[in-house]
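Below sits a lone chain in structure tokens, taken as the form predicted on its own.
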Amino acid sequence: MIIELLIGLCLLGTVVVLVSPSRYAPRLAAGWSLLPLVVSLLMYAGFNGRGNALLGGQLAYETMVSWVSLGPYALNWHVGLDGISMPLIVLSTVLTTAAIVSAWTPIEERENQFYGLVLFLEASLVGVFAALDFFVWFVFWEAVLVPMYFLIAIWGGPRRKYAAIKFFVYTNVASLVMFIGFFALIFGLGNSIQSLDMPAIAQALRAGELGSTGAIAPSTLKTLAFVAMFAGFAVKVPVVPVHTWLPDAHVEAPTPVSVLLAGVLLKMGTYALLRFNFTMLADVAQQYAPIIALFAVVSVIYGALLALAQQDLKRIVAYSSVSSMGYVILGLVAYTVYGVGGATFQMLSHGLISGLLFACVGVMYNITHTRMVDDMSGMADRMPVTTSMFVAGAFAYMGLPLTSGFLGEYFVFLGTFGADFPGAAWFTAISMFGIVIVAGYLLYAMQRTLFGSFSLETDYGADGVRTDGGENADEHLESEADHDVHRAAAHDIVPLAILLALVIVLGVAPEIAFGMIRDAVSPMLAAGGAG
């Protein structure tokens, strides 16, 4: 019942923080978030799962309780963890605590509501990664949208309502498309299943028990369902060309929310692709591997090129996420131990690195009140600790050895280069070029913002509008006092240091996570007949 305890602690914390006075909410939420964090770390330390959750593996912390019936199908409370979901739950609890502490400075109104929603978001994320009944999983999947919508729409930037509605519409429509695709499979399985239990469905599909639905043959039905689910999950990843909601959401969201959005919410999409598309329908994924790999490589290169053209530091990191998630898709379609395992490791690595970079941008914005590359210079002299963390995170993004970023990309490249689908080596080689572009835009951004002589010389009129014809009037310096750039407070630095330490620990000792990941992905490859 420890998973229920973890979810319950998050939900109870939501209620406690919501009813508390706002002036106490920041510290109360931070202290409460340590409880789920400690529980998740104890679960990680005591993890004894074996194999894959959907393919008959030995689950850790499993609970199954009969619930209700939905027509001919039984709905059960079924939760459990394998080596894929366990690291993602720890990632969720770590980044939630980091986001709460990093919000102490920028969030100054309705604090109890803000932190309560963050804890509710944490409970929903844990549910997504732990649930093994589709109905339970889908409830948690949709529940994530609610707090994220309000966190952007209430505490976001000037265009927050537009960004929040765009995020909600994109992801909600995507969920509907995915839902249709999944239930097409359920109807095709007919009497071979009596519940919406995801392991039972996956094993029935693997065993070839899918029948026709109407006039649609089983092979066609599987392909159509695969496309519908891939399209639905691709929006959450996001994959080019359904990525346009992400930069708007990141720019308008408060930085602590961006930490969770990039660090964990994007992993929901890749995690769902791994579970549904690449585990349940492995034969379809292998059949159309070159097309999927093409989407992945386009996301890698196009996302990196878009980042190269940005002037807002948040947009740079946001488009970097599009590029990084392309590597995850490329690893998944490889169907090798290092490909799928590396993709899962990359999810974990990217969550830590993107969270670190967004948190660094937030700390600098709290003091300078701008995120524009052209408006900052010489930050390394004024904020040496924060900029050091940003540089370290940027180099981890570039794949510096002894960081998790290096190993995540190395595993993916190693696994994809050895894949047996047509053009695998070429797709790998082209995606490697994305690292060069990543290095280009991150080095350019660091050179402009962190080094050189200090200046915040942009001219603004009395109404806060730039008089030099530049963009981003909303990010102006509000007074002469804003030119007084000083070092960040200790509570702003601590989350950065912890995230950076985890990036280095995973880079030096990857078996801490990769061992259990490899054990969980191996049954996928054996059952699917892949290398």
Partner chain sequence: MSVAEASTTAFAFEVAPAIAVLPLASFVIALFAGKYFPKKGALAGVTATGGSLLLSLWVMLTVAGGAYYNEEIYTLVSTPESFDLHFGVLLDPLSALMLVIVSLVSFLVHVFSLGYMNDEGERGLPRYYAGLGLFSFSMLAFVFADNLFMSFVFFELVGLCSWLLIGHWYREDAPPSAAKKAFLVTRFGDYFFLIGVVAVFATFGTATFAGSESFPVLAEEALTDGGAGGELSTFGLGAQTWFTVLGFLILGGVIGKSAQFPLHTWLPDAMEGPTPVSALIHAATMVAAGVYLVARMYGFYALSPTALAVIAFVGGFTALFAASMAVVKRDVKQVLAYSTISQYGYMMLGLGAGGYVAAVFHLMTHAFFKALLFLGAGAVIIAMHHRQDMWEMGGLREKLPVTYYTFLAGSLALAGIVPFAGFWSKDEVLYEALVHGLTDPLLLVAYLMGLIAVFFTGFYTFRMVLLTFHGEPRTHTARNPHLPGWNVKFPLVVLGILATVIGLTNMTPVAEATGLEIEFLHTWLEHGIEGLNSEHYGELLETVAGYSAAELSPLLAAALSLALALGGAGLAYSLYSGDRPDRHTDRLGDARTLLMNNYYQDEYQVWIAETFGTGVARLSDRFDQSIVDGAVNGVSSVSLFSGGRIRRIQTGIVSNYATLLTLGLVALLLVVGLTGGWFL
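Positions refer to the first chain, counted from 1. Here the structure is a predicted model, which means the values were calculated and not measured.
There is also a form predicted together with the partner chain; it is not shown, and the following applies to it.
Exercise for the section: Mark Asn172 yes when one of its heavy atoms lies within 4.5 Å of a heavy atom of the partner chain in the model of the complex, and no otherwise. Expected result: Close contact exists here: in the model of the complex, Asn172 approaches the partner chain to within 4.5 Å, heavy atoms only.
Practice task
May I ask you to state whether Gly399 is within 4.5 Å of the partner chain in the model of the complex, using heavy atom distances?
Solution key: Taking the distances in the model of the complex, the answer for Gly399 is yes, it comes within 4.5 Å of the partner chain.
Problem - Touches the partner chain in the model of the complex: Ser522 (any heavy atom, 4.5 Å) - result: Contact with the partner chain, yes.
Exercise for the section: Classify Leu221 as contacting or not contacting the partner chain in the model of the complex by the rule of any non-hydrogen atom within 4.5 angstroms, answering yes or no. Expected result: Result no; Leu221 lies far from the partner chain in the model of the complex.
Practice task
Quick one: from Asp374, Glu108, Asp420, Asp381, grab the residue that has a heavy atom within 4.5 Å of the partner chain in the model of the complex.
Solution key: Contact check passes for Asp381.
Exercise for the section: Answer with one of Trp104, Phe138, Tyr365, Tyr288: the residue that has a non-hydrogen atom within 4.5 Å of the partner chain in the model of the complex. Expected result: After the contact test, the surviving option is Phe138.
Problem - Candidate stretches 72-80, 85-93, 122-130, 227-235, one within 4.5 Å of the partner chain in the model of the complex by heavy atom - result: Every other range fails; the passing one is 72-80.
Problem - Within 4.5 Å of the partner chain in the model of the complex, all of Tyr61, Arg206 and Asp283 (non-hydrogen atom) - result: Verified in the model of the complex; spot residues all out of contact, no.
Handout entry: Heavy atom contacts to the partner chain in the model of the complex at 4.5 Å, residues of 501-519 in sequence order
Key = Gly507, Val508, Ala509, Pro510, Glu511, Phe514, Arg518, in sequence order.
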